[in-house]
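We begin with a single chain expressed as structure tokens, specifically the form predicted on its own.
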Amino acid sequence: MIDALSRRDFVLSSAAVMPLVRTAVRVGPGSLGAPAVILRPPARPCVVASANGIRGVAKAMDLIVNQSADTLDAVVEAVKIQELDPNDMSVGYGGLPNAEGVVQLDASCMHGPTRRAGAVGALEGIKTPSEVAKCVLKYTNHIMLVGKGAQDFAVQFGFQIENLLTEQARQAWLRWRANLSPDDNYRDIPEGQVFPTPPHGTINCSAINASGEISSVTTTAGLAWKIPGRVGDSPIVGAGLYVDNDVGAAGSTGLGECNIMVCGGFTTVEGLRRGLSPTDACLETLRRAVAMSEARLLDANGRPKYDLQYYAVNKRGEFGSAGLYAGYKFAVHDGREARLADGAYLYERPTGR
């Protein structure tokens, strides 16, 4: 039984909530005749991703709108398209290997409604690290598992250990190794593709449904020819991605070390919290990343020698993206169609880059 309130207690408790009620009352012509709570308008379903996620945003939107899928399940299914594609050398199966010729994968995911996250780092032999990260989120009290422990965990949940090094990726690694130095023990191979600057590739995908539930996932094979065990920003919650279900989500692609230094995913979401548009929040984080960059990473004009991009969606389903240099695109589905859109940028791209 609920205890009855005395008149004095009732008056005091009412006074305590009055400031909250007053903030929700419209004033002026056409105002409501009695105090009212102003509710947030419904969210607009939206999926935003890096450009290599163009097929993924269509998949995620279909799952969310037509099959009522959870946003986390939708974004993981979206990035799995690339993870399972042997012709995509940036993520999953087919990703470019480390300096020893071993493919090591990183991924993370966040589920806004439950405020949970999962991640794996330096995972070998599993094609879809995004799914393993989701298992960490759903079935453990941990957030990140790495290396052999992450692989053992995946096997316990039915994932198969496979050779992830495709012939295309192996040939690229052999050409890189053969041309490391004219003084090494490998013969130079002048013909064929050689990467003078180690390539990297990542896919980030964030989604919001009509109920305002937000999730995000980031997955990558990381920097090609990296030192074995190197982990970039993609599996680090707060860097490679971040979700606050009351605010929005953000993720990144590009040079992970520079993004880690500014906690890019978290910083971008905090920009959304302060009222910035998704595009402006991405641009603000980029400016901070440039300001935090070591001199060796900048050219004579103080502009980065690397690439970095951010993608964001807010609680209303508004989206945006920004990169350091002009000429890049991102993928989005805002309920009408999946398309590539031009991203905002800080600098014009120098000639030859």
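Because the structure is a prediction, the values reported are computed rather than measured. Residue positions are given as counts along the sequence shown, with the first one as 1.
There is another form of this protein, the form predicted in complex with a small molecule, and it is not shown here; the text below is about that form.
Interface residue remark: T202 is counted as part of the site for the small molecule in the model of the complex, having a heavy atom within 4.5 Å. Proximity of T268 to the small molecule in the model of the complex: non-hydrogen atoms within 4.5 Å are absent; the residue sits far from the partner. The small molecule in the model of the complex comes within 4.5 Å of no heavy atom belonging to S206.
Interface residue remark: T253 is counted as part of the site for the small molecule in the model of the complex, having a heavy atom within 4.5 Å. Of the candidate stretches 172 to 180, 73 to 81, 214 to 222, 150 to 158, only 214 to 222 has residues with heavy atoms within 4.5 Å of the small molecule in the model of the complex. A heavy atom within 4.5 Å of the small molecule in the model of the complex is found for exactly one of P97, G112, G118, G232: G232.
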